[in-house]
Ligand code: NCD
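Okay, here we've got a single chain as structure tokens, the form predicted alone, with questions on binding and movement later.
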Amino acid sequence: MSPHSKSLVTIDDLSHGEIDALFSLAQVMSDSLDEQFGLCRGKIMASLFFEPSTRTRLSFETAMHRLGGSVITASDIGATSLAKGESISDMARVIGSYVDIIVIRHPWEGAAKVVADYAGVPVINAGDGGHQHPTQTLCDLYTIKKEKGTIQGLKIALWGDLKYGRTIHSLIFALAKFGANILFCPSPGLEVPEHIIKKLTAEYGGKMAKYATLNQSVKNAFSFLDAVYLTPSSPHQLAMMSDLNIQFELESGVDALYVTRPQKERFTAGEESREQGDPFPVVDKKLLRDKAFRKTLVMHPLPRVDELAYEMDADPRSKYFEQAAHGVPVRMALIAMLLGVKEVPPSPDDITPALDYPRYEHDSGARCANPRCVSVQKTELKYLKPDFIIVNREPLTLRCVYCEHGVEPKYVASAEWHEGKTATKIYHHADSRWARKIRPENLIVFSSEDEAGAKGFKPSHDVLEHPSKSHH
């Protein structure tokens, strides 16, 4: 990892080998905390926490102090110029001129990317809305690896709010990167968002099996299971995946149970009212009496509310306080690596998949539908344009580069119409064979026929014959 050239916005910003190298450094630092003082002497970190935080903020600030650096801080948007309408990009430019590294937590998804794009210094995402929380994931992986010796092939159950839990979203991709199997156990109505599942299966190559497709014995053993992700590194033949495979995988028990609280601060009105209904079972000793949980690590990013019983604190399987304690050496290692005061080369056999999706080049038709995305906020519209990559052609799917939500346009056209004649300036259904022939650099998408018409495009014969044809 080269200094001053990298930020950590999502867990994808670190390769498998870089994470392993970071863990090795974190272990060294943990074993000799006093010897690290002075590594960052003269360096200043900006700690910008615009959402509540205890562990993340204090562990980052502790980490910088233990490295011998200094910290400046802002924790209330109302006490900053953001409250006056200042854009995130202007704030980033200014603060980036004061400090050597920035740590930011912000309620808007993609805000950390904007800061990283404009600050001119390394930026660490300490949580951006419900998007990602990559440093929490580093603490989670570090804990699992210390306790189990490896992550590859383990079975990790994710429990609770899988919809809004940003720690969950980062962890899903990291577990897949390290070859773990994932059991999804969501609270009712708080299942993993579809765009997360699509990215998981498309980019990490495993297979998903939904609860409804499993046989009764599997359902009985894991009554809270919603879906299973089986990694390509597992010994079974994924192409032949069946209930038998899944049952075999689960018989040896769950290696870790990762519990999360309901993220009520992100609930919609409908979700708030539903939450008053039947509560999801609490993780307690009674639940964990099942033989499948005999050697299970119980983990939680904290804070907890009512989803994890206090009686579990004395259980030797519980590792959540160790998880929190690991935050200091892990974040010390990350700060040292990003600032270049510790150059730790990744493993030569790095196995992170390299994907290079084409960019959507045109400023037409694609708008992020996520109301929490930074790209749709009024103060940021003055300089931020919608920015997407093309991640699939069947169905045509664009992914917002800020919040990673997907968009499936209804109509498409080419920027290279025949000889530039308006008579051949036509648009097609997004699922038509014509749509798949358009080169990425020429692709133009529209959300409606009116939008296509406003840009001077006429409907193709297929659109005229099937005006309401679905593109799914």
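Being a predicted model, the structure only gives us computed values, none of them experimental. We number the residues from 1 along the sequence you see.
Another form exists, predicted in complex with the ligand; not displayed. Remarks below refer to it.
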*So which of 105, 326, 155, 163 gets a non-hydrogen atom within 4.5 Å of the ligand in the predicted bound form?*
105
*asked:* Looking at 389, 302, 197, 292 here, can you tell me which has any non-hydrogen atom within 4.5 angstroms of the ligand in the predicted bound form?
replied: 302
*Would you check, heavy atoms only and a 4.5 Å threshold, whether residue 397 touches the ligand in the predicted bound form?*
no
*residue 167, heavy atom within 4.5 angstroms of the ligand in the predicted bound form*: yes
*asked:* Does any part of residue 136 reach within 4.5 Å of the ligand in the predicted bound form? Heavy atoms only, please.
replied: yes
*asked:* My question is simply whether residue 263 lines the interface with the ligand in the predicted bound form - judged by any non-hydrogen atom within 4.5 Å.
replied: yes
_Only one of these stretches, 255-263, 173-181, 335-343, 374-382, has heavy atoms within 4.5 Å of the ligand in the predicted bound form; which one is it?_
255-263
